[in-house]
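What follows is one chain in structure tokens, specifically the form predicted alone.
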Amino acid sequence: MSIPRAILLDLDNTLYPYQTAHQAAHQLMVETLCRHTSIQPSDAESAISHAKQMVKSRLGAVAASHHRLLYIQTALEQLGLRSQVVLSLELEQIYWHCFLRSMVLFEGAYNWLDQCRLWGIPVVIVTDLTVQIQFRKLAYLAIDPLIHYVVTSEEAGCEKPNPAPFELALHKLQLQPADTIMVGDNPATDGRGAMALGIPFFHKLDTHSVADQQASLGFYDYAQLTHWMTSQWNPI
């Protein structure tokens, strides 16, 4: 495999551990909801979980299906509290403020991105969800200067593994699939979508994941990826 002319890169759970940030933010949001109402924590948890399923079922695989405000609004309505506009907005802000403060890059991720910059390899974020929150994540992680382009499912009109987000990234780069690689944690979305277009897939693993047999490379940390790239491609 020759050195790529660009790297397509997933964001959530690829550059930082999503669940750690989500769990802290979700707990604070539920605590705030219960403090403002007579709802018990177990009922709040159940309503939010059911609301998320309802929103995703109704909207399908589009960026808005991840919208935290829609989950909150739907949950409050299911709890018989009506839409509660001010409370809904407050809970959403509490969730994202805590989430963003709780994010921490995986060890070595920043150095790897900086190495890509030094090697002259552009990096394009290809991610689901809405552009505003994904931009905020990149800014809070302080990696936006190392990113050339961002493609969200909101911009592309559909989510991975649909080819549209990958094709839009290639269009922004003015490159062909064989000129790039895709780095991500999810073989079903990042991997399947990329490989369907002929883009090699590099699988970001954790201690609970199983390496995708079709991936060109599996790696656990970014120091390992940096070493592999240096030894295989000797980028200058």
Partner chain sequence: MGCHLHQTPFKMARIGRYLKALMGPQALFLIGVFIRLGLILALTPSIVSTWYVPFMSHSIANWSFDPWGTWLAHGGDPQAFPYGYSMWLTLLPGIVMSHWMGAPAYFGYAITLLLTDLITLKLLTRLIPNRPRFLMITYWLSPIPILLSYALGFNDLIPIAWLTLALVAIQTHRFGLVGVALMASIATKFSMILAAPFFILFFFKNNAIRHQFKPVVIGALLVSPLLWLPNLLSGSISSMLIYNREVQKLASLTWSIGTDPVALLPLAYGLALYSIWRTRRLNFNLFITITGLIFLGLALLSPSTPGWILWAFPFLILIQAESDRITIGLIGTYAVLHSLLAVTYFSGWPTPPILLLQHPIWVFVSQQGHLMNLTLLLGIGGLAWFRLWRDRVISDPFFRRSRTPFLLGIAGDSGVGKDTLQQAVGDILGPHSVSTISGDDYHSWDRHQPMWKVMTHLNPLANHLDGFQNDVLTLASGTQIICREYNHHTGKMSTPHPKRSNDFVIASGLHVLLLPSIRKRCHLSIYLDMDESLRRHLKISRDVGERGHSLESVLANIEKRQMDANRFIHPQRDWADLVFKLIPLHSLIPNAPIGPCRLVVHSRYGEWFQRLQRDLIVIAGLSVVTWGEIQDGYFEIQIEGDPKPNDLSLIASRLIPHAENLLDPHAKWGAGSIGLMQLFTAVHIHLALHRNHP
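Positions refer to the first chain, counted from 1. Here the structure is a predicted model, which means the values were calculated and not measured.
Only in words, not in the display: the form predicted in complex with the partner chain, which the text now covers.
- In summary, the region of this chain contacting the partner chain in the predicted complex, judged by heavy atoms within 4.5 Å and restricted to 115-123, 152-160, 71-79, 134-142, corresponds to 134-142.
- Of the heavy atoms in Leu100, some are within 4.5 Å of the partner chain in the predicted complex.
- In the predicted complex, the partner chain sits within 4.5 Å of a heavy atom belonging to Ala215.
- Put simply, Pro177 is far from the partner chain in the predicted complex: not one heavy atom of it is within 4.5 Å.
- Under a 4.5 angstroms non-hydrogen atom cutoff, the partner chain in the predicted complex has Gln224 among its neighbouring residues.
- For the marked spot (Met1, Gln93 and Ala211), a heavy atom within 4.5 Å of the partner chain in the predicted complex is present in each of the three residues.
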